[in-house]
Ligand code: NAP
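A single chain, nothing else alongside it, follows as structure tokens in the form predicted on its own.
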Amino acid sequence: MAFETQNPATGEIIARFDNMSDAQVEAALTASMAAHNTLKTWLLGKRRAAMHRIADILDDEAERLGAIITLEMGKTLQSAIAEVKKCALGCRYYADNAAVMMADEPVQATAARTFKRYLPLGPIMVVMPWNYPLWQVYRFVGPALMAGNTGLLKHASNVPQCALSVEDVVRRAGFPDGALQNIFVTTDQVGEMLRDDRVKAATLTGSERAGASVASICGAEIKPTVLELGGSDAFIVMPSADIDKAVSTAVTARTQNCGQSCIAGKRFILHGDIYDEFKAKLKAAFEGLKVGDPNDPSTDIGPLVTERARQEIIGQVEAALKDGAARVTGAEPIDGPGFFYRPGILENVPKTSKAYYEEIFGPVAILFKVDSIEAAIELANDSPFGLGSSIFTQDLSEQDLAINGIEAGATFVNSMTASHPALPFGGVKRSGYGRELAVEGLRAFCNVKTVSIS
């Protein structure tokens, strides 16, 4: 497995990093356990101060760190800087709220005093993707380190400098050496580490195949896991919606991060009464997007992350068209250097097409027409995934039907699906299990110990 920085805007290889030896892996495991043994003795006030220092560093160096994100995975510099600042927000949230989340909870029982106490598990294997290369990691760092856990970060192979930056920031903030370590390791080495007794649990954001592999190993070892996998989120629009707001939100939902987001709106389920109006306005908006240099402030859409990713989307779109889908606009590669792809829209994708069920991890919207809220929810659920969902409607009964009926980890009403430190994040079905963020994320890797004192 090659860890290398390749600029998606040019295709140029910038840097390569060597895999760690087995001896280096052993040293990392030893350091992670030692850091946990130190960190779990820290009072929460000391952890809080160090976590606030992480947030301060992120805010102070947002432009530098954002530039690394843009260089390695291609999102616009403006959105990369915003990602760094969101990481700072998340770290501050846990710094300020972990004490309440971890406080003993009294329980009335037969003993004189009974309560629940939340205690850290220890070193956690952290397997993370490239699409939000800092946010995905810091949403682990915040709750995990505040709880007293430590992390062994196996990041995606194409964002090595992002991975190294997290280790550097955590160290500079004053956490114990080894509290968060980047590890350049192979898939086989990941498996060996998961089987090591010092690794107490694992969290993974990524593909179904990677999630199944990690869950299988951890299941055999009786270790807890949290998996956040793919998504093909439904974005429902009903006749009572503010159509202009829905269209504007749909553009952002489908094209932010160049469409490379698990919780992006991907399947746009539109009531027949507003289908043509919505399609026309969405088409015009897509055609007005500027694709180009991600460092140019006027650019809306940067390149896809790799040529392989672009070829996969090209293949999915071509297969859908062959199956009978119609191209409304775009959805095609752009000639020249770099891995650029024109945002596009498809409609009339038949149920017999793989594109009906697959996640398209790029800026391609698929439109569907329905005649009722019941049909919209049925179509939304006709997917192996269940991560997020959105519905645009002013009808309170339709809102309630969607909230109760859509099989997903989240339903956002009159807004796009998004993550926030105060909200639990995760999915159902093949989108994974467990929750990150909020109190659920902090407690996911805690031993909820029952204490009974007579």
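We number the residues from 1 along the sequence you see. This structure is a prediction, so every number in the text was calculated from the model and none was measured.
Missing here is the form predicted in complex with this ligand; even so, the following discussion is about that form.
In plain terms, the part of the chain that comes close to this ligand in the predicted complex, with a heavy atom within 4.5 Å, is 122-130 out of 372-380, 122-130, 315-323, 336-344. None of 267, 271, 75, 139 but one reaches within 4.5 angstroms of this ligand in the predicted complex through a heavy atom, and that residue is 139. Interface residue among 366, 199, 229, 162 relative to this ligand in the predicted complex, by the heavy atom within 4.5 Å criterion: 229. Within 4.5 Å of some heavy atom of this ligand in the predicted complex lies at least one heavy atom of residue 187. For the chain shown alone, residue 209 is a contact residue for this ligand in the predicted complex, at least one non-hydrogen atom being within 4.5 angstroms. Heavy atoms of residue 156 reach within 4.5 Å of this ligand in the predicted complex, making it an interface residue. At the 4.5 Å threshold, heavy atoms of residue 262 reach this ligand in the predicted complex. The partner is not shown here, but in the predicted complex the stretch 387-422 reaches within 4.5 angstroms of this ligand through a heavy atom at 387 alone.
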